[in-house]
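Just the one chain here, laid out as structure tokens, in the form predicted on its own.
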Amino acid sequence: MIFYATQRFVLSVVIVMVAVSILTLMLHVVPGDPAVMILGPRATPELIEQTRVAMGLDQPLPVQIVTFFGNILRGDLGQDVFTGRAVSQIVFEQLPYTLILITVSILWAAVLGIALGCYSALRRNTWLDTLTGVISVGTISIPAFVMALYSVLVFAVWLRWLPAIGAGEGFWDGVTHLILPSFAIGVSWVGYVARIVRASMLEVMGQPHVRMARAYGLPDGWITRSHILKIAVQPAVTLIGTGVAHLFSAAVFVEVIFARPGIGALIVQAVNERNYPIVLGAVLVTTGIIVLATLISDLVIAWIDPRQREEL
């Protein structure tokens, strides 16, 4: 188990390095000179060149990448080219908003999706199973930004039940401002989780150890909780762990639509301003969180299923 965790950690570090390197290449393809964006169109060529030297943009691209990773080892993500503030301070100021949004979204979606999937499997081929399947497929097909726009239109504009702009001030105000964004992100995951749990449960229900437990007359509820659901949720855990990247991408659109602070809105603003240090720092942190979530999901599955622990 320890060897497996160490192996996955090393692989995660490699993935982060490759992702940041590819992003650096992509940023240099985007039209626009960061020095010109900072100084304005009336800046002299000499001042533009001085700014490029100060930002390290005069160096070859491989040198820039190596320098960036060298600064990371010292805990330095660079400075904001506009304010001079540390990138790490700016990123970690915005990160909690996004993490709270993603966590709330996936928690309510997972709980509801597992419940729907379990009920559909236990009541398969009934009209309720069909209705649950239609609802699941319908929610899967709706992108997060479309759900965000319609939720604002219906619940904030027409009905005036919930606020739509900002993150709120204080605990309860923050909760009310979190309802619509978390609904927009999580609603499609209800369908994903429900369908995969239903399919997994139907497969597990036909396995020999489940039939043997029923032959011994054990209660159906105990069999479902101890022998079926415990195994059936493993694909859902994997789906959630590998879907963290999708959650971050959905959060970008949702934060922009709801004018919420967060890492997604920060990245969009930084890309528009060609603020390379902010973009690199924010993507480095989010990529690290994504690979960490994938690692945690694998370890959780190994903890749930003894067969996985034996293979490790």
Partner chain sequence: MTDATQSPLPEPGLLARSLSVLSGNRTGVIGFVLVALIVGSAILAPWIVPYDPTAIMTGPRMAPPSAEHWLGTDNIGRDIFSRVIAGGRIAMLVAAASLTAALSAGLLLGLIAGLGPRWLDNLLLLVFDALRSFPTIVFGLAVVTIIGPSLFTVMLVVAITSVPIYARIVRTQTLALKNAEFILAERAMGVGLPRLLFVHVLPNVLGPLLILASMDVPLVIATEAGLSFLGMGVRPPTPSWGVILNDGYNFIRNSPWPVIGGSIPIILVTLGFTFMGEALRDIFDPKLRKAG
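Because the structure is a prediction, the values reported are computed rather than measured. So that the term is clear: the rigid core is the largest set of C-alpha atoms that superpose within 1.5 Å between two forms. Residue numbers count along the first chain shown, from 1.
A second form of this protein, the form predicted together with its partner chain, is not displayed here; the remarks below concern that form.
(message) Does its partner chain, in the model of the complex, lie within 4.5 angstroms of each residue among Ser200, Arg214 and Leu229, using heavy atoms as the measure?
(response) Verified in the model of the complex; spot residues all out of contact, no.
(request) Report the residue, out of Ala86, Leu107, Leu99, Leu149, that has at least one non-hydrogen atom within 4.5 angstroms of its partner chain in the model of the complex. (result) Residue within 4.5 Å of the partner: Leu149.
(message) Within 4.5 angstroms, counting heavy atoms, which one of the listed stretches 141-149, 121-129, 72-80, 215-223 is next to its partner chain in the model of the complex?
(response) That would be 141-149.
(message) When the contact criterion is heavy atoms within 4.5 Å, does Thr44 count as touching its partner chain in the model of the complex?
(response) Taking the distances in the model of the complex, the answer for Thr44 is no, it never comes within 4.5 Å of its partner chain.
(request) Would you check, heavy atoms only and a 4.5 Å threshold, whether Thr51 touches its partner chain in the model of the complex? (result) No - in the model of the complex, heavy atoms of Thr51 and its partner chain never come within 4.5 Å of each other.
(message) Against its partner chain in the model of the complex, would Val157 count as a contact residue? Criterion: heavy atoms within 4.5 Å.
(response) So Val157 counts as contacting its partner chain.
(request) Find out whether any non-hydrogen atom of Leu153 is located within 4.5 angstroms of its partner chain in the model of the complex, and reply yes or no. (result) Contact check for Leu153: yes, within 4.5 Å of its partner chain in the model of the complex.
(message) Given a 4.5 Å distance limit between heavy atoms, list every residue of 241-257 close to its partner chain in the model of the complex, or none if there are none.
(response) Contacts from 241-257: Ala245, Phe248, Ser249, Val252, Phe253, Val256, Ile257.
(message) Using the rigid core as the reference frame, would you say Ala293 shifts its C-alpha by 2 Å or more between this form and the one not shown?
(response) No: Ala293 shifts by under 2 Å between this form and the one not shown.
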